[in-house]
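Next up, C-alpha cells for two forms of one chain, structure 1 and then structure 2.
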Structure 1
C-alpha cells in the first residue's frame, strides 16, 4: 500500500504481482499479461480524493478475482444503477466509499476485524463527525415515514436485513464453494486443467480445485452484535469434521445484537490431521521450492509453510470442511424492493432456522393454538345458539299474538 493506490485518478497505477508492492518500472510479463512501465510523474499529477475505483481495485477483487470473497462488493458497483445500490449509483446518492468509511488521521472507519463493529442507534452529524459506518449515522433509528410500526423492528433487526434482499445482483457471480482437496489434476499430457461455466467463471482449476458460483443469492441470517469470534492456527478444531473459521457473536438476549445478513462461504481446505489444527501452506514460488503451485505436493507445501511460520506440524495432513461468514452491507436496494413482512413472518420464511426467539407467523405453541381454536369454535357455537334462541322466542311471541 502507498499513497498513490488510494489517491491517483489515472487508473494506470498498477502493482506488479511479485514485486512486493512496487509497480513495473520496465515492461514485464506475468501470468500471460504484459505490465507496462508506470509513468510515476504523470500518475502523481492526478491525485485527488479516493473514488470507487481506488477502493474497488483491491476490495472488488479480494481472493484473486471479482466477487471471490465478498458477495456485496464487485466491479458492478462502478456503474451501479439505483436498483443495484441506492447509495453508489449516480441516480441515487452518488456516494463514494469514503462517504461512510470516514477517516481520522488516515485511519479508515471499518468493521468486524480489529474492533467491534459500531451498531449504535444514533445520528453522526454534522458531516465531519468521525464515524458514519452504521446506517443510523445518517438515517437515525426511526427512518420510516410511513408504516411507522417498522421502526419497532430496528431494536432487533438491522437495516441491511430488510434492505439488501439478495447479494451478487450486479451480473457478477460470487464464489460460494471452494474445494482445495481436488486441486492438482492434469491432462494425460501433463497440462493444467481449467474448466469454466457459461459465464466464464472457473468451475475447476488445477491450481485451486473445484469451485461453485452463484448470483442473486439470499443471505444467511444470524444474530450479530458487531463482534466476531475467529478460529486461529493455535486453536484445536472440533472433531465433527467441519469448522466455522469465524462466527458472528450475539443472541436474541443480547441487547446489542440484531439480525444481520451474511454470505455463508463454504469450502474444503488442508489441515494438520494429527494435531487437528489449521496450517500454513506455501503456495507461490519457483519450481523445486516446495510451493504447491509449482510442485503440487501438499505434504511438502505444508511442511515448508509451517516451518517458515515457526509453527509445529505433526506431519499428518488431511482436508476439512470449513465455512466463513462475510457480512453483507452493500448493494442496498431501493425501498420499494425491500423485504415484505411475509418474507420472514412465515413458517418457511428467511428466518426459519434462526434460533432463540418467538417470531409471529413462524412459530407456534401447540397448547396456545388448541386453546385459541377451542375458544373460536365455542364462540361460533355460542353465536349459533344465541341466534337459534332468538328465532325460537320470536316465533313463540308471534303465536301468542
Structure 2
C-alpha cells in the first residue's frame, strides 16, 4: 500500500499520470506538464494524520477531473467557507474527512450497500455502528430543538435531503451530461477540436464528445435504503432506448428507506444494439491498435474491448441514453440554508414526481377539492340570494304601505 498519499503533508507528492500509482522518480513529461522527481525523504518526513487534501488527491478528481463524478466532493472543499460546508470549513467544525470516515485498522468507514444507516438511536455512540457512518452518529436522529416537526421527518427524509439544498456550490462545476456519440469530429485540417466554456470546462472534445457542466445544482430525490441496483454488461437493456445504469433501491413502504438527494448524471454511450447490452470499448492504446482515442472507430474499439474481456458481441453498435445516480452527502449547508418546507410541500416542488405516498401541499383528491370549493361558492351565492330577496320583499312591502 502507498502510505504517503494519505499521510504526507507537504503537498509535493504528485503521482505520474500513467505510472500506475507511482510518482515520478526522475523528471518526466506528461501532456506538456513537467513532473519534478519527488524527494521521497523530504515528503516522508512530513507524515501526519490525513487531511482533506490527502483524501482529495483521489476523491476530488474521480473520473479524470474536478467535479466530474461527484457533485459534492471537489477541491473547493479545501478552502470551504461555512456556507459551503459546515463540517469541513475552518470557521465551521474544521473537520477533515476522517472525522466522519473513521478508520478501524485502516478499514475506511463508508457506505456499505448491503447495510443500512442506523436511525433508531438518538445520540449514538460509535460502538453502536461499528465503522458505519451517518449523520446520526454525531447528531442523533432528533437533532432539532426549535421544531418537533423536523424530527418527525427523519424517519422518511434523510438529513442530506434537507441540509444539502444544492450541490456543486463551491464554484467548481460538475459534469451533468456526456454525449459520447458526437466524439470523433475533427477540424478541416484534421486537428482535434476542443471547445471550452467560460470556466475553462470542455463543452466539446474530439476524444469525448459533447459535455454539459453545471454549478449550484438542485438534486434529484429518490427513495433510498442504502442499496443500489446496477445494470451490468450481462443484462439485457430495456427496449425504449434509455437505461439507468444504477438505481437507488427503496420505497415509501420500506421502513429502511428515506428520501435521499442524488446527482442525476446523464449521457449517451455506445452499446451493443444487436444484443441490446452494454459493452466494453478499448479507449487507450497506440495508433492502429483499435483504441478509440487513437483510431476513432467505435466498431473496432468495441470489438477489441469485448474480445479482450471475453464477452460476446453481436457486431452491431448503436448509442443509448444512460443515467446514473450519485449520492449527495457532502457540502452540508448552515442551518439557515436548509431546504424550506415549500420546496417539498408544493404542487410542483422538488418531490413532485416521487411516488407512493401522500404529501401535504402536493397531493389532494381533486374531486374532493372541486366539490368542496364548489359548495363553498354555492353557499355564498345562496346566502346572497336569500339576503337579496329579503331586501326586495321588504322594499315591496314598504312601498305598499
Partner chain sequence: MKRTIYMYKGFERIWHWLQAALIILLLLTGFEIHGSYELFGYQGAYVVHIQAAWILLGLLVLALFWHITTGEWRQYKPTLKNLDKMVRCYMVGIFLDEPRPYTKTPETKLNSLQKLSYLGVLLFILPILIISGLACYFYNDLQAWGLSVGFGSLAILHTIGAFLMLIFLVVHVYMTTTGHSPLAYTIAMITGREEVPEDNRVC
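This structure is a prediction, so every number in the text was calculated from the model and none was measured. Rigid core (definition): largest C-alpha set, two forms, superposition within 1.5 Å. Numbering follows the first chain given and starts at 1.
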Only one structure is the form predicted alone, namely structure 1
Rigid parts turn between structures 1 and 2; the listed option from 195, 233, 364, 149 at their hinge is 364
Rigid two-part model between structures 1 and 2; small part's rotation relative to large part, whole degrees, is 41
When only the core is superposed, residue 371 shows a C-alpha shift between structures 1 and 2 in angstrom of 6.1
